[in-house]
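What follows are structure tokens for two forms of the same protein chain, given separately as structure 1 and structure 2.
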Structure 1
Amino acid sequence: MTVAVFRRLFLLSLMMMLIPIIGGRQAVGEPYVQGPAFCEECHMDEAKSWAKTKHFTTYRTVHKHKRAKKILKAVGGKKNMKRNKSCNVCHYSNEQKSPTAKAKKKYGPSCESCHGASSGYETVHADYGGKNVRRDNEAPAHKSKRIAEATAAGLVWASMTYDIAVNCMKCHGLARPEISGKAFGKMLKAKHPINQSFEIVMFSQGKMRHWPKARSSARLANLFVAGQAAKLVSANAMAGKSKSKKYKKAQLKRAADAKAALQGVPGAAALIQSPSDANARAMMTAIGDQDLSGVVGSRIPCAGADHENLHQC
């Protein structure tokens, strides 16, 4: 048995045996972020690419930004970005080594920021059918079971485009539900940026790309639609959360842009009429594996009008 496998089994056994802990420690059974070291063990290429992105590098620079102190003062609370709850949920991610260890802010946005806290699924996700079975030799039945169990335990796969997009929009749309609308209004007043035009395909395939192979045009079109759906749902929900006219205006623009981008997409009419998570998921289910590159390809900023070359985004 390798050290890595032993560590996984040991941590899993601890999670099953320990009683809930209070006082700022993680309650047993509740998934927690273990940090990118647990992921890069198997995903080394992705980790190397991630280390070149702003998600990685801003950990050491974001608090030095010329507007950082002003924004911190505006939202109140801790005067350190890592400790301020209105800042750290987006700008940092944790590392927690065991169920009873204290979570530490040690990275910028990392693997689990998008793919979910790994403590619940990491052991299942890394088991291909036994300690001596490699990924290439995994039995189809075991793979299906592993995928289902890891998903149930909280893993957000790259193929789950809507769920990935929801996680992106929480921060890139200033739409974290755990942050008050009042705080968001103060952030904007202190000149915290909000990018209403944030688009997930251009972002993920460009400066934040962390996988070697280019996605197909059909896959990117699906991701674009998922991103617009998540954008519409989050913007609609957040528009009424703040009395700040600037914040509300920004969210209404996000919603209007998303509605325009979703025109002609199968199943989008109900979502446009009544933006909700349930309607967004129903639309994505209705789309299934349909290739929508001919419908939305030219709407993706990195493709422009030439949707035939969408896979090069």
Structure 2
Amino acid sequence: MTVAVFRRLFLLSLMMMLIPIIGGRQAVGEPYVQGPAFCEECHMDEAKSWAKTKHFTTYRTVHKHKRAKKILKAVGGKKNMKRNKSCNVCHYSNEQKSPTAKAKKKYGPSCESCHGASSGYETVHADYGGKNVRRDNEAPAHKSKRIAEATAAGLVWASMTYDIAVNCMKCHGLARPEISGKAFGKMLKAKHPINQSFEIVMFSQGKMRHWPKARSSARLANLFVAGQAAKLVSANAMAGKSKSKKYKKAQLKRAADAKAALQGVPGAAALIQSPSDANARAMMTAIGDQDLSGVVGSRIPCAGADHENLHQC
């Protein structure tokens, strides 16, 4: 046997030994939602605020809403909102206790609906580099590695305004790619709401706010722009694949409104011309820390006094 052949055989057997391990890891490694009780241990204040919002409380009442039955019937499939795939992706969280445990539908949208499924990032995101290391004495190199690793594993940090907005829009824009335009069309016909005035600043800075300090006007402007970019990208994609006139019309309105809201924002022209996720990310990266409140500040809507859950300015 020549050295080259031996080496090849050796590598082949090594690969055959490794494939099941790698393959198995991948199957188990798919991140899953662990549920808010898990986060509560360290994020008590955030959990308390969340429990007071509709995101938590809705699961107790939404299936009893006067239109729920009609919407379910129109879409077809399981007659129970919690079990029906066309409802449960938005109206419940899919909690899983371990990699092999069966996922259970619980309460409404929760931490991981916005911040990403946590099984991959939970350990790494909160570890400053050892038992006795705290936030203020974490080594800078460790910090950047920790942030990069947690992000790669799916953590959506507060600063990732575009990624958070993408998550809001999937539900509030009725824009989940895994549900067909046809099914959404049937839901709309049965009077499922699509709130065309959903805007991320107005909807996040009211009762939903679970961060101690009110955000600066520069941050709010960034959040507004991120929200419009995510709205435009999701509306454009969903309008393109729609087989329902009603649904398509609703998505085209979302796209047109977002385009108007982005006028004059540096770098928005390319996104408006071609509304792709890549163009939205390129625009957000180019904007960086620029303060755009002078450009979009006056476009950020405020809720009326009758909307007690939303941001009133």
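Reference numbering: structure 1, starting with residue 1. Treat the numbers as computed from the prediction; the structure is a model and nothing was measured. Basically, rigid core = biggest C-alpha set you can superpose within 1.5 Å across the two forms.
Between the two isolated copies of the chain, the first is the form predicted on its own. With the core held fixed between structure 1 and structure 2, P140 has its Cα displaced by at least 2 Å.
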